[in-house]
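First comes one chain, alone, set out as structure tokens in the form predicted alone.
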Amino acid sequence: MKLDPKRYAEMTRNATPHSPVLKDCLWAFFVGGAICLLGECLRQFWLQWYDTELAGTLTSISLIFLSAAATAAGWYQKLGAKAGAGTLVPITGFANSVVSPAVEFKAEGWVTGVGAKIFIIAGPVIAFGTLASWVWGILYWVSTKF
């Protein structure tokens, strides 16, 4: 059966559920902002005892730990289903992408499950990020030498 493009577009439009774009954008904005606010609160907490550099490091570690714990408990996925891209704040989203496969494949064992699958999503990002930084580092070095 061959459909003309107008008929196909109409059928697709009727079958696709309505997406409340404004509501979804607001959820993403406020959840992403809340994660960033949490990060700033943690930073201010660590600044009470440590210098700026160490407080920043401890803030990153705290956000990674909290994100990993929320992912392991199943809360991060529920938040992501509601907030969408708002949960993709780089440090917490990356921690979630590392922990999710580990939790999912835990039943297959520590080596063949967790060990083999832990970087299934984050691995390519790490590999290509490392390669890109190496290439740009070489280009920068060459440009400063000549």
Partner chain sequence: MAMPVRSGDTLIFSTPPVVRAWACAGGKKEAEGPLAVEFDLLFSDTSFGCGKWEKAESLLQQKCVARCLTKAGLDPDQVDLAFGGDLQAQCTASNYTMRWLGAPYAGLYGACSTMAEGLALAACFAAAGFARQALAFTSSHFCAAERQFRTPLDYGGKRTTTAQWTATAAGACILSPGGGQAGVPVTSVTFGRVQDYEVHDINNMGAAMMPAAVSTLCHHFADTATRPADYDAIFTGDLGRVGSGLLHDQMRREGLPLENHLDCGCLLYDVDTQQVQAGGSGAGCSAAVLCAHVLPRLMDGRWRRVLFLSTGALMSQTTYLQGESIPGIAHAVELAAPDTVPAKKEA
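We call the rigid core the largest set of C-alpha positions that still match within 1.5 Å between the two forms. Because the structure is a prediction, the values reported are computed rather than measured. Positions refer to the first chain, counted from 1.
The form predicted together with the partner chain exists for this protein as well; it is not shown, and the discussion that follows is about that form.
In the predicted bound form, T112 stays away from the partner chain, with no heavy atom inside 4.5 Å. In the predicted bound form, at least one heavy atom of F105 sits within 4.5 Å of the partner chain. Contact between I121 and the partner chain in the predicted bound form is found at the 4.5 Å heavy atom cutoff. Superposed on the core, the two forms barely differ at G137: its CA moves less than 2 Å between the shown form and the other one. The Cα shift for I126 between the shown form and the other one, taken after rigid core superposition, is smaller than 2 angstroms.
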